[in-house]
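First comes one chain, alone, set out as structure tokens in the form predicted on its own.
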Amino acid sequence: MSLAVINYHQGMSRWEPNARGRLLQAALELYVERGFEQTTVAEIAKLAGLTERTFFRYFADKREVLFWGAAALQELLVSTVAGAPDSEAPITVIGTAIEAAGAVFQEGREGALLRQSVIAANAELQERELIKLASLASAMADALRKRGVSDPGASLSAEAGIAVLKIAFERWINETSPQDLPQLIRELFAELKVVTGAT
């Protein structure tokens, strides 16, 4: 997979706008080209036309480049669960939240593909991704409990939602002509209801 080369003017000020975006793009390019382990923070900053100090304003380390959006994703999931109508079943509420997350991924498919290829090539990053997914499930289960859903229903619904997200995402990134990710998520939730006899 080829990436567009980032060509920043050598005289570009380190205070130029969109530093985070430039660092993200530079990091992904280098991770794909050289590998995560072989890439240094100094190289990322240089390719982005920024300083290492600027890098550390945005990211704690080079792993965080791949995971910095997790907090925003969790907030989206939790707020969607919290804002769902009281009459909706827990699994329907979770389905709505996962679909909202899918819409975010849909907008940034190329970046999601690159990120996933880097994670798939590194066992440490795969473990970190699993921890992130577990945290998302836990946060959604907590949000369901705040809506009055008891366990094991809250945990089962949240874990099922993450399972659907994982399967949908994997299909989405591996298709040569990918369908709309939110639509794929809806289809998989419908299939889940069929296999559990919930229809």
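All residue numbers refer to positions in the sequence shown, first residue = 1. Since we're looking at a predicted model, the values are computed, not measured.
Here the subject shifts to the form predicted in complex with another copy of the chain, a form of this protein not shown in this document.
Heavy atoms of every residue among Arg128, Ser157 and Leu188 are located within 4.5 Å of another copy of the chain in the predicted bound form.
Of the stretches 23 to 31, 149 to 157, 51 to 59, 38 to 46, only 149 to 157 has residues with a heavy atom within 4.5 Å of another copy of the chain in the predicted bound form. Ala123 belongs to the set of residues with a heavy atom inside 4.5 Å of another copy of the chain in the predicted bound form.
Using a 4.5 angstroms threshold between heavy atoms, Ala163 counts as touching another copy of the chain in the predicted bound form. Proximity of Ile91 to another copy of the chain in the predicted bound form: non-hydrogen atoms within 4.5 Å are present.
Ala134 belongs to the set of residues with a heavy atom inside 4.5 Å of another copy of the chain in the predicted bound form.
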